[in-house]
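Each of two forms of one protein chain follows alone as structure tokens, named structure 1 and structure 2.
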Structure 1
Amino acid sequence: MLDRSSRRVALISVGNELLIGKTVNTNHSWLARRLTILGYEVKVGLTVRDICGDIEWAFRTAIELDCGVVISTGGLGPTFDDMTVACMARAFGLPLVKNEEALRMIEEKYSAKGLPLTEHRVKMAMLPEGSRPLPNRVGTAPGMLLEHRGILAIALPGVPAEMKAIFEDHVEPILRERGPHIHIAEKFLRSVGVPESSAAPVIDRAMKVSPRVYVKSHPAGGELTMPVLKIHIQASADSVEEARGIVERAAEVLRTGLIKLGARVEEVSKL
């Protein structure tokens, strides 16, 4: 069982576009829900501009608040204003070094497109000493994981699809392994005959059953011809019975709502 500080998480969102209202910060809400399901406590959420002093301040604040896990989103790209990793390194008092594994990941991405490594692309391989890159199967900039003085610091891209892919592929398994002792239950449903766009409000209602339930739909078939949705319901709680109860309540909301829309819904053993 983790102690309280190790369960405490700070979420740092980096980007001018978030603070001027141009972009809605969906990364924060998505991560907060996933972390809550995993049994972590989101202590604070900080949103800062693409200014190194502000980014460094955010990381230092997370450290001062005794957060054992710090996750940032945004600022990992090749341009001059992508500076999250460098500013994180400053907050932890670590030098930036060229990470050969990260460089290989980046080179493979660009060479597959017939593009050379440039100075700006190599910049994405400059990581704090002692950190390791996290593969990005969706985009080009790798994520980054650093364990330093009892703190697990993770930097993820700001593009939601890239952030989610890296979190699900690499971060969530680590957090599960070292995380609080909780019980997780899940159920899989298959819905036929209702497009994902029509099912979305029903899925939203199912997500409101509990802050510790997560519902993800995987469309198959044709959205406007023969739509098929594979739906994964997952919940966590302090007991198996409680977790199963949350999952069943969410499943019932989904069944009732989708059938009302004309779908055929069945429970399946896996997606």
Structure 2
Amino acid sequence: MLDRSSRRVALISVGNELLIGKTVNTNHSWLARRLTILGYEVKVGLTVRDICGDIEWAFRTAIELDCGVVISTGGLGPTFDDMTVACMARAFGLPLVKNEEALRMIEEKYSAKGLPLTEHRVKMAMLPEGSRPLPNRVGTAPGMLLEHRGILAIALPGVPAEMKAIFEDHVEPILRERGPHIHIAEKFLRSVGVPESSAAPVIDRAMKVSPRVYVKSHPAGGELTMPVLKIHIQASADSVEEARGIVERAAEVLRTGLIKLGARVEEVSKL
């Protein structure tokens, strides 16, 4: 069985565009969802600027928080402000070396178009010692994977299509193989007519069904005018049947309790 920290993930998002509010961070939510389904626990999200000290700080912080998996997005391209890999190397205390495999990947992409290797292109092949490049079938900058001091560190590009392709091709298979053999079940309820503050004690009771169940209510209508609650029940367990059983018990507590308060409760397929 895996220990807790090897399931614990830190997601690092690098890019000024995220901190000046120009870009909504959909990479974070996409990765968080995929990792949750794989049975990993995303502990923290750290969003930092294209400043080497800040990127280094984020990796150090992930290590201090005892995260066994650290995945970054952004800062892998050819420009001066693409510096994630170099600053990650500093956080791990590793030298940056020219990776021949990465260089070959980059050279192939550009030479196919008759473009030479320039200083800015070679930069994308500079990786921390001991790491390996992850082929990028959509773009040019390879991803990077490093195992060091019991930590699996992965750097992915910020362009969503490239990030997703590298994750699905090269990261997910590794995480799936090493990941916990747990199963997740979920259910969605929609309650109409009871404000969230009245539903709160019922939700408390449903959460006590199991330590592995999570019940989250999302107010959708007005708390006072037209109180609609969307309720997400999620459980993880060592078998699908067990996970489904936990969800069913929590749902029953919610249904009974909310109907008693005068709500109309129905199961919905999603929130």
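Residues are numbered by position in structure 1's sequence, first residue being 1. Under this definition, the rigid core comprises the largest set of C-alpha atoms superposing within 1.5 Å between the forms. None of these values were measured; they are calculated from a predicted model.
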Subject >> Form predicted together with a further copy of the same chain - which displayed structure it is >> reply: 2
Original post:
Would you say G21 moves its Cα by 2 Å or more between the two structures, aligning on the core?
Top reply: no
Subject >> Rigid core fit then E64 CA moved by 2 Å or more between the two structures >> reply: no
Original post:
Rounded to the nearest whole degree, what rotation separates the positions of the smaller rigid part between the two structures?
Top reply: 64
Original post:
Once the rigid core is matched, what's the CA displacement of S236 between the two structures in angstrom?
Top reply: 8.0
